[in-house]
Ligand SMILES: Nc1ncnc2c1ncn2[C@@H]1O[C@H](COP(=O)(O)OP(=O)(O)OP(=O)(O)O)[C@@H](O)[C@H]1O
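Heads up, the chain below is alone and in the form predicted on its own; it's given as structure tokens.
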Amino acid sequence: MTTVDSIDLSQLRVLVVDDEADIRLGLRRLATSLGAEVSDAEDGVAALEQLVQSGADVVLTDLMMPRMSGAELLVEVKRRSPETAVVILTGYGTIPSAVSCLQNGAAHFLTKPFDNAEVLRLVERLGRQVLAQRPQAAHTVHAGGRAIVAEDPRMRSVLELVTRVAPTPVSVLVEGESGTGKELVARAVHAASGVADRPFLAVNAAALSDTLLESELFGHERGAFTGAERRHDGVFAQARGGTVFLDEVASMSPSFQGKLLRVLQEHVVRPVGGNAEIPVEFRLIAATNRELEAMIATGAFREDLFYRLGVVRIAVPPLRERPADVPALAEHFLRTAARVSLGPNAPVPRVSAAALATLTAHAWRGNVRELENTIQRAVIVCTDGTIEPWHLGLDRGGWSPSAGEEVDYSTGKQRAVAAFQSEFVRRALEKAHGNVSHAAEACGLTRAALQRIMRQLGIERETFSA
């Protein structure tokens, strides 16, 4: 477990804000002596621009500055990044104002001229506290321009197996439910292999008939069938020593399974309509969301092909079985969605504790793909910089009993109505920025009626105030 004393201060980001260049230089040197990464700005407006671009863990800001005062900067910093520690620098004559800043969230204030040793102690103490509260970075592997984020031990075990199998030429079978990221795992194997500079070619077997799949994988000669106006090299030939990813292999017919088995055994293909066999070189990674052993038992899948495909088997657990990944994945998708939907310099919305609890408790039947879509939606519909549970859209179907729960019709109806009322009222209040009268008018209710519903549901107006 990480302790405050063991925190590496080289991770600390300090921002110095003062309109006097000499003071900025002195504070920069002090903070840099701790090993911190230090930047500076001449006023609050410039400081906010830097915060949007690179963030900060500790802000040292003068109180009296042109364009934007330190007090105004404090409010903006705490609104955008509540975890950032803000220290107010002030002259003796403005101490009452500095005390007011403490009430608004400042961590400390220092009077000018300040003692260098005191500044060092304060920045070090606040820096260690902020870094200790920062979530530890999840283990991340990049694959094909995307990232596999693994905080949960089960997913880290998957990535460890990826690392071990990648340098070898053996076939790999990736197993897991739809949406768990099987293709990303395959791309990670390729990226860590000795042929990462060669092609990675993906084919979905379920999307093609046997004839089209044979043409896609083995190639075809000109005139082999209607529409074959020129010769086509198949994916196995195009790989040229790279990786072929064959998804949803369980959908292949038994007759095509036999053809694929021969390719794996002989490493030659005969293009459709061709008379000669062509040698091919590739590394095969297959994937399935079905239990192939069960299909073998019924004769739907060839046992000999199964063992050829699964020299090494990588089982990707569903998201509901690795809950520790949910916060890390949500943060990863949040930053991506904010950059795409809000713009590269827009502040990234924060996820409230209630929303995070909702995300962690959700069953995620659509796995990682569903979580990504949920975060993208929340970023778009969120209007005040904080994602709340009702932004997630996870209760679109209203309340329903959980597995094994028995309720009578009357109780079930009451809970469903309460779930509907809660989301409806929260949305109305959010759009009205907490103005109960405007929200009531939008709902077609009297102010008194809306207030009564809010009391029943425990909804506070202040949560939605602008």
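One rule holds for the numbers: they count along the sequence shown, beginning at 1. Remember, it's a predicted structure, so these values are computed and weren't measured experimentally.
Separately, the form predicted together with this ligand exists; it is not shown, and the next lines address it.
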Just checking whether Ala297 would be counted as a contact of this ligand in the predicted bound form - the rule being heavy atoms within 4.5 angstroms.
no
Whether Thr374 contacts this ligand in the predicted bound form should be assessed with a 4.5 Å heavy atom distance threshold; does it?
no
Is Arg156 close to this ligand in the predicted bound form, meaning a heavy atom pair under 4.5 Å apart or at it?
no
Whether Asn289 contacts this ligand in the predicted bound form should be assessed with a 4.5 Å heavy atom distance threshold; does it?
yes
Just one of 101-109, 230-238, 352-360, 327-335 has heavy atoms within 4.5 Å of this ligand in the predicted bound form; which?
327-335
Contact residue in the predicted bound form, from Val280, Val172, Ile148, Leu213 (heavy atom within 4.5 Å of this ligand):
Ile148
Interface check vs this ligand in the predicted bound form: of Ala85, Val368, Val189, Val77, the one with a heavy atom inside 4.5 Å is Val368
Partner contacts for 434-455, taking this ligand in the predicted bound form and a 4.5 Å heavy atom cut-off
none
